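Only one chain is shown below, in structure tokens, and it's the form predicted alone.
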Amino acid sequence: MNWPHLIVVPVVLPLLAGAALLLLERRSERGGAQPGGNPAALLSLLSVIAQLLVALMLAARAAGGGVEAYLLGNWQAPFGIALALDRLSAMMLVLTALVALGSALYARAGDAARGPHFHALFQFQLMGLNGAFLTADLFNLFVFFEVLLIASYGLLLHGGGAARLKASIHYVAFNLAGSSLFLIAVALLYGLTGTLNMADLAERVAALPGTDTAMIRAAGLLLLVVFSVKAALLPLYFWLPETYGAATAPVAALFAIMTKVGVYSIARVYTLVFGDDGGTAANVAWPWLPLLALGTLALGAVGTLAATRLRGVVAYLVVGSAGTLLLALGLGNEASVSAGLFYMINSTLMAGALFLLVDRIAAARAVQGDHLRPDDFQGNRAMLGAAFFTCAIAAGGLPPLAGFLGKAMLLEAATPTTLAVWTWIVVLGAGLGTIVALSRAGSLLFWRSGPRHAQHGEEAHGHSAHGHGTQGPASHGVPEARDGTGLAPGQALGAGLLVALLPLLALFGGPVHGYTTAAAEQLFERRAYIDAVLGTKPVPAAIDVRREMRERGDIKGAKKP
């Protein structure tokens, strides 16, 4: 579809859906149960499906190779707000919509009803995510960051509980500090260059005199700190395990895409503005990024080994995947970035699927929940075990799934670089640690769990209740629903969708890798992006009021034709 306004739909659609859902959910609260189902849940799901279809159409347009700019308000860049679509932003839109669809389907089975305005907050978060992937302006990137963060604050608190309240306080305080640093960095850049349009910044930063070197490098590194907070880069990752571990299952699954916003921002800004042609601030982030990424990857693997709950294991898998992606970026060549983008699709789908599965596994175990101890297993152990096994292979980077392909391509791309030895050691070592952690978790949860452990589990629970053991899962607020009947249809559909995409990604690995390779090449072609954004002309207005007034002679001094 060549409709020129299609680019803005991923932002406008969730905004309108969220506004409508606020009214619908308030009416549902007043009127109680609605005959024929929950209209708010249905509208939210339809909005997500529509966003997926739009994202697929935009990806098909972006696959042609051009960068497409859209001028909001019909003001030419850099004076107005601009959106830009290329292969990378289109890929992120599709990935966001897929994870959102799995989460929305799962939430319909009961998690959405744990608190008010879940669906509206869900849509506002999608609006912030989509806007961050499309914007061509640094200040509007800050605005979309705030939109998605404000929505995520509400989603994190969804369902209540002391653990979520504690995690949300840390999350809010840390992200407010990050937002303050973002504003300082933006102010520095605007003061030095007089613009915040990223294409215009790319040209003006390169032309800055040597006297501004210290200030522009400071602004560039400050932005790196801000994006590292979002991407959970060492040492700014510590908020993530507690936050993701406390959220409800569909919220945690949606949060799997949030760290990718930071990764995307680093990829965009540090290739376009602070890349090879960035003047005195060229490649300001590259000396730091690969080393910190190696540390993040190593600590993520250690965290999976040290975690005592399955949710903690999955949260540290997200930290490790962020380290892998930032390492791919930090190596700074097209092959490594292509491998990183391919791996990002696998790791995001894997994390989203695992967060949903953890909730069902915990609900199926009578006492221990997702604690890594043997316990009675009341649900469909074979189906949940097979799904967990699939995700574990994807997380560990084992063949035949796409995680193996992504890591193999990353190691090959790192071989000619000076960090080849460390990259091989840390990536392979972290992969081994992840496999050991997931093998231990799978053995305890599925192999060693059964009816004979019920009595032991109850004893352990009773011991804990007297204050001598670890804190039980219910005290953490997740999961509250323990029906023990296995998966509800919506839950099976949501989790099954994300799990099924993992082998499909490996099956279609060739075309997907071709797309990520083209996206990586386009990412380093800064001139195409600059020309597209700054060269797009406003569309002549269909109704020119001033011209009509001149023709009628209503403007003083104007002559009638």
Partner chain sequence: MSLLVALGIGALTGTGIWLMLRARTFDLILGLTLLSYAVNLFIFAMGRLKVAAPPILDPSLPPTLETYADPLPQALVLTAIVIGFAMTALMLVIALRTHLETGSDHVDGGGSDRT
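Source: prediction; values computed, not measured. Positions refer to the first chain, counted from 1.
Another form, the form predicted in complex with the partner chain, is not on view; read the next lines as being about it.
- Look at 243 to 251, 174 to 182, 343 to 351, 91 to 99: in the model of the complex, residues with non-hydrogen atoms within 4.5 angstroms of the partner chain sit in 174 to 182.
- Think of it this way: in the model of the complex, the partner chain has a heavy atom of just one of 424, 238, 75, 139 within 4.5 Å, and the residue is 139.
- Listed residues 306, 113, 150, 225 were compared with the partner chain in the model of the complex; 150 is the one with a heavy atom within 4.5 Å.
- Using a 4.5 angstroms threshold between heavy atoms, residue 170 counts as touching the partner chain in the model of the complex.
- Proximity of residue 166 to the partner chain in the model of the complex: non-hydrogen atoms within 4.5 Å are present.
- Contact annotation for residue 408: none of its heavy atoms lies within 4.5 Å of the partner chain in the model of the complex.
- Put simply, residue 190 is close to the partner chain in the model of the complex: some heavy atom of it is within 4.5 Å.
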